[in-house]
Structure formats: structure tokens, C-alpha cells
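Below, in C-alpha cells: the form predicted on its own, a single chain.
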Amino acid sequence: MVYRIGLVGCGTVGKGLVALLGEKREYLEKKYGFAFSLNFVTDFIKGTVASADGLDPGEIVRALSEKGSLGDMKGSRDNAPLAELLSETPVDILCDATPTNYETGQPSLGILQTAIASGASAVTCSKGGVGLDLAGLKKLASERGVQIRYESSVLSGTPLLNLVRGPLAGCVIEKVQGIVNGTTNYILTMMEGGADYAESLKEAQRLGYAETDPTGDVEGFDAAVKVCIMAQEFFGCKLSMADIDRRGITALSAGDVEKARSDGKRIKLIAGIERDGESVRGYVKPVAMDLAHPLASVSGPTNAVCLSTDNLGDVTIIGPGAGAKETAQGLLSDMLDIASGR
């Protein structure tokens, strides 16, 4: 079978996915039997290109790199509602690489609903739709006989969700503690080295870790929506953003970081979930971790999650939590799982 793929959103991650598909085409078919045809790429700003015969990933990457637009490519067309595009150029797997809105979940939520309703499986790296209504999306996918996967929504390409679904199957997840935002972890690492918050944020922005408006990261919104996803995935409990006890790192001073260090601890912005009697509690807050804790040694823009389980005790996974190729890897692994029926 040749899997027809469509992509919505060709910013850094979307472009990275197209590049990865082009680079890995022969390997994917030889190793996994995964043959694909990239049938359309659409972006609200950069345009739309579609072909039922398949597009050349290399040409798309060149167009985006050289012109920042798909408008001059063969097969380019005016942007159209996704439902119309899916009707004219059907796909088996729709990849959503659009930005995250923490309040509405859009445009990701609508994209995923439209794709699934059309009969396509969906993979996403956007946190909005799955953070807001994962249960609803799973229900719709079940009704349509397709799948929805979202590995990249929490730790980019680091396979946290697949770890719990696969090797940890049979374990009860009792507690989660994680560093799930690389920007804040980089800032805290710099502050431990002696820089103040403002200086550390400026350097994170220069390196591209932090946006011009860093609110989503430094105020804990990005981590909080990931808590919502993990609560649904690991605990079967729906938490809204309003349910999360959220505190960011903007109020931290160099003195706070130094005090923790003098106490033999290290401050990390921790995204946590734990059972509280019959309920589940989610939080995001700076925590002074004992240096012996595995999360305390995680520095720079790296992510890590420690899962407390009944069968295995504590299991920690560490890896990159951002980056175009890293996030694209998560999308790719989801597509391979869909193709293999896992």
C-alpha cells in the first residue's frame, strides 16, 4: 500500500517533516515497508500545492527555503477550506504542524476533526487540539475507523507516549514529574551559572529557544497544556488549563537559584501530575530538586520525564524537547505506527 499523506502547516516543523520524508524515502520503504505519496501541503500564509500523483519533497523544501512560498510551484492553487482540499485530494494520513493556541485549541482542533471526519488518520505535533479535547478526538477517530496520534505534542521526538503505550504497558502510572519545556530549562541553567533572569531570557531568544513574546514558555502555559495531555493519556482524566496550578519562572531571582544551590538543590520548572485521593491534580511550578533526583541533572534545552509506576518503580526518559527534525521524527514515528497497525 502507498500511503497518501497531506500536511497542514509548513513552518519550521512542517518543512522539517517534508525534508525528513524526502531523505528517508528509500530507507522507510526498505526497513518498514512504508511507501508514501505526499499529495498536498497547505499553509495559511505560504500557500497550497497539491497533486494526486504525489509531490517531490525536495522541490517543496527548495521552494520554502528560497522563496518562502509554495505559490510558484507546479500544482500550486488558491488556499481552500481543508474539507474541500481533502475531498479533491484525499489522503490516508493528515499531518498537522500548526501553531498552538492554549485557549481555543485552534486551528489544530478543527483540522484534526475535519481530517478524521473525512476518513483520514491524523498525526499532530500541535498541543492545542489534543490538550483541549483528546477524548472527543479519540471518540471521533474510533467512529470513523481511523487513528489519531500525537507523540510530538509532549516531548517532541522523544518517545514518552509510546514508552507508556508499549514497554510500560501493564504498569499503573502513579505520578509524573517532568521538565517539558526546554526554553525555561535553558534559562534556569544559565541562571545557575550566575546570569540573572533578564540576561538568560535574552540569550534564549538570541539562540531561538524563546520567542519574541516568551509568555507561553516562561509563564508555564506550554508546560500546562502538556500536563493536560499527559493527564488524559496516563490517568484517563480530563484536566483543563484552568485546573492546572500554574506558576512560571518570571518571579525567580538569581538569589533564589543561589539559595537552592547552597541547600544542595537545583530549581527546575516541573510539570507534575499525581493522584489526590479519588481525583488527579496537575501543576506547573518551580521546584528545588535534590541533586540526587534524575531531573536535577538535566540541563540546557533538554526535556525529561520521571514516571512513578507500580511495577517498575521510577522510570526516567530524557531527550530533546524541541527542534525541527526532532519534532518531525515524532510525527514520522506516529505515521509508521499507523501504517503498521500499532
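Numbering starts at 1 and runs along the sequence shown. Values in this document were obtained by computation on a predicted structure and should not be read as measured data.
Just so it is clear, the following notes concern the form predicted together with a small molecule, a form of the same protein that is not shown.
Remark: of stretches 190 to 198, 244 to 252, 217 to 225, 76 to 84, the one touching the small molecule in the predicted bound form is 217 to 225 (heavy atom within 4.5 Å). Remark: all three candidate residues (N181, A210 and A322) come within 4.5 Å of the small molecule in the predicted bound form, counting heavy atoms only. Taking the partner from the other structure, the small molecule in the predicted bound form has a heavy atom within 4.5 Å of a heavy atom of K127.
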